[in-house]
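One chain comes next, on its own, written out as C-alpha cells in the form predicted on its own.
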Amino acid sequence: MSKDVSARLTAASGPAGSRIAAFGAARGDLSVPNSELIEAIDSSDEWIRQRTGIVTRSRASKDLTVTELARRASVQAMERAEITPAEIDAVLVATITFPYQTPAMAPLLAHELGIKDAAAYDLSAACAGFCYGIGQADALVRSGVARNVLVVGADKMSDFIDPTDRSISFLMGDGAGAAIVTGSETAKIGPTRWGSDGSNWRAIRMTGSLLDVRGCSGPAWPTLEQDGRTVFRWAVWHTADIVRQTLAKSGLTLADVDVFVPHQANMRIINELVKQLKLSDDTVVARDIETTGNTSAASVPLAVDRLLCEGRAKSGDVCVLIGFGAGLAYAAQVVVLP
C-alpha cells in the first residue's frame, strides 16, 4: 500500500538568487599566427583575416592537456573568489575534447583540485557548453542543492582538427575558462534562454564515429569539419533574436547592457550581431577571437576574463553571454559581472 508522504517530504530550497563570484582563465602556451597554417590549407594570411578576423590563436603544446588547462583556470577562479576546495559542491565541465568517452573529465578535475564528494559531470554542448553550465549552476544554487558550483569550459581543439581542412582548422584554438557560481540575496544571473536546432545537426560534425574507427588498420582519427556557410547564416539570422529574448526573460532591454560577450566563432558574425542589435558605441563588445581563436566551450569565459583583466569591463556591469555551435545548440543569459 502506497503512502502519501508529500506533507512530510522536505523540498530543497536555497537563496533568492545566484551570482558569479569570479572568473579564471588559461590559454594554450603557444601563439600560432596565420603564417604557420596557410601552406596546409593553400591559403593566405589576408584570406584568414578577411573571413574570420583571426591574426593568431592560442594553442597548447603536446604535453599540455585539456585537463591541465581546466585545472589552471579553476585554480585561478577559486583563488579570486576566495573559495576553498571544501566549499565546492558541484563541478560542471563543458568540453568536447576530453579524449575519453567515460569516465568524464569533471571527477578527475575535482580530484586534482582537492575537491571531495562533489557532484561532477561533463556537458557536451560544444560552443554553447559554458552558458549551459552557468544555467545549470544557477538552478543548482537557487534550489539549495549546491552552495558553490565550479563551472568550466575547456577544449583543446588542436587535438581534433585536420590541419588541411579549409572549413574549420584555421579557426580553432585551445584554452579553458572557469567561473564560481554562488548564492546571492538578489538575482545576478538572469534566466537562461537555451535550445537547439537539430535540423542542422550535421552543420558542425566529426568526420566519423568511434564505431567507424573501431578495427581500422589505417589512420582514421575523427576530426572536426563544418559547413561554414550554413553555420554563418544560422548564427546571423537567429542569434540576435535569442539575445533579445534573453533580455526580455530577464526584464531588461538592450539599453541596460554594458558588455556583450558572444561566442568567439568569427569576427564577421560578431560584427553582424552588433549591427543587428544596434548596440550603442558605449557597449563593450568582446573580440577575443583575434588573438585567441575559437576555443569552443572556453570561448565565452576567456573573452569575459580578458575584458575584466584589461579594465574594459568592470564589476557590476550588466553583461550578456551567448554561446552557439554544434548541435546546433545555443544558450544565453544576462549576468552582473563580479
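From 1 onward, residues are counted along the sequence shown. Model, not experiment: these values are computed from the prediction.
This protein has a second form, the form predicted in complex with a small molecule, left out of what is shown; the following refers to that one.
*Asks:* In the model of the complex, does each of 20, 188 and 191 have a heavy atom within 4.5 Å of the small molecule?
*Replies:* Answer is no for this spot.
*Asks:* Quick one: find which of 145-153, 131-139, 174-182, 231-239 has residues within 4.5 Å of the small molecule in the model of the complex by heavy atom distance.
*Replies:* Of the options given, it is 231-239.
*Asks:* Can you pick the one in 106, 261, 204, 90 that has a heavy atom within 4.5 Å of the small molecule in the model of the complex?
*Replies:* Looking at the other structure, the residue within range turns out to be 204.
*Asks:* So the small molecule isn't shown here. In the model of the complex, which residue out of 284, 308, 277, 269 has a non-hydrogen atom within 4.5 Å of it?
*Replies:* None of the others qualify; the residue that does is 269.
*Asks:* Does the small molecule come within 4.5 Å of any heavy atom of residue 51 in the model of the complex?
*Replies:* Yes, contact at 4.5 Å.
*Asks:* Is residue 24 close enough to the small molecule in the model of the complex to count, meaning some heavy atom within 4.5 Å?
*Replies:* Looking in the model of the complex, residue contacts with the small molecule do not include residue 24, since no heavy atom lies within 4.5 Å.
*Asks:* If you check in the model of the complex, is residue 31 within 4.5 Å of the small molecule, heavy atoms only?
*Replies:* Looking in the model of the complex, residue contacts with the small molecule do not include residue 31, since no heavy atom lies within 4.5 Å.
*Asks:* Given that the partner is absent here, does residue 330 sit within 4.5 Å of the small molecule in the model of the complex, heavy atoms only?
*Replies:* No - in the model of the complex, heavy atoms of residue 330 and the small molecule never come within 4.5 Å of each other.
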